[in-house]
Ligand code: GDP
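Below, in structure tokens: the form predicted on its own, a single chain.
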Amino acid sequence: MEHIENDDKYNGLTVNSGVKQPPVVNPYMKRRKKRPLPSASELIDGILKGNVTMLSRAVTLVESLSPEHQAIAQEVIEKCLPYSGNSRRIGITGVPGAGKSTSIDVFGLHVLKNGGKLAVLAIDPSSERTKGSILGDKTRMEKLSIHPDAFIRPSPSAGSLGGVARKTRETIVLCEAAGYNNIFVETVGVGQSETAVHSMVDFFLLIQLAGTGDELQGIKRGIMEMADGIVINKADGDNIDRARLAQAQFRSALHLFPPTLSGWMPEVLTYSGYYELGIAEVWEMIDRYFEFVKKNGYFEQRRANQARYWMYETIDEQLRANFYRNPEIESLLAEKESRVLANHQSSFTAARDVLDRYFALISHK
């Protein structure tokens, strides 16, 4: 390309034509081929053999929103179901900062000393604004994350707790079929996540802290009634006396609640996750609980109730999805929302109109 600046009258000023720009992508780099999607039979075979790669790929399909992936995932779950149910499912919750991940690290290592395998399913908090998650549980479980018999799978909650809870329960089935006889489910520790996790585990462990202010603030009726065991973390150094005081307060509070359905009286223990003190005692309490509920028949009853609960939860979820995905309902919702915001119609009559239209649509199918 000629430049006017190269004219003779602009002596002494020269503009070069430039160099040819290299391609953006390295021409010597070989493009990686996308791995083909494994079939359901390949996944099932791999899971039953304890193949961690196949288990991870199956869990990814379970978490996927793609209809194609969901079809494969549901077939895998159905075929793995007869091989599931033979594990101890333990839910672990507590306020942020209570040391859940550190505790899981040391609890898990204690369990693995006795043989067997451990799967840790951690629901990671997601940003409501960006829907992003740090998924940093593995960084806080330093020893477990490199243990050959441990499988750690963080799942982003992404603002849809019900969906993640259902997928976590399906993941439990896959992990059990892969030979993991101990399952830990860690909650985000806020909101309704405890209720969701309580509905899929055999034992619900509540981690509390002492020395952080008013200990009675930790005594919340809903969460206390769900707990099968309460453990007070960071009972070490100068905090030992405060931990023991909190232990006495929690024990007194438990007597104010009605008896549990299992007949088990929740125990309150102290321990230190960081210094690994009192870990064996916590696990002995969990052993006593399982012995107690298996003897009185509550173990099977609780699992049956959970299976029934998740059947109805899945029905509710599918009905909601079918309702909101309907194109006619989608446009009607936008119209009714505008009318409600403009004060031309009440929220209740607008909802009734939309539902009436939906029922009319499905009745003509």
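Everything numeric in this text was worked out from a predicted model, so none of it was measured. A residue's number is simply how far along the shown sequence it sits, counting from 1.
The same protein also exists as the form predicted in complex with the named molecule; that form is not shown, yet it is the one meant from here on.
Think of it this way: in the model of the complex, the named molecule has a heavy atom of just one of Gly222, Pro148, Pro96, Pro259 within 4.5 Å, and the residue is Pro96. Note on contacts: among Ser272, Ser193, Asn182, Ser199, the single residue with a heavy atom within 4.5 Å of the named molecule in the model of the complex is Ser272. In summary, the region of this chain contacting the named molecule in the model of the complex, judged by heavy atoms within 4.5 Å and restricted to 113-121, 285-293, 83-91, 97-105, corresponds to 97-105. Contact annotation: Thr171 falls outside 4.5 Å of the named molecule in the model of the complex, judged by heavy atom distances. In the model of the complex, at least one heavy atom of Asn233 sits within 4.5 Å of a heavy atom of the named molecule.
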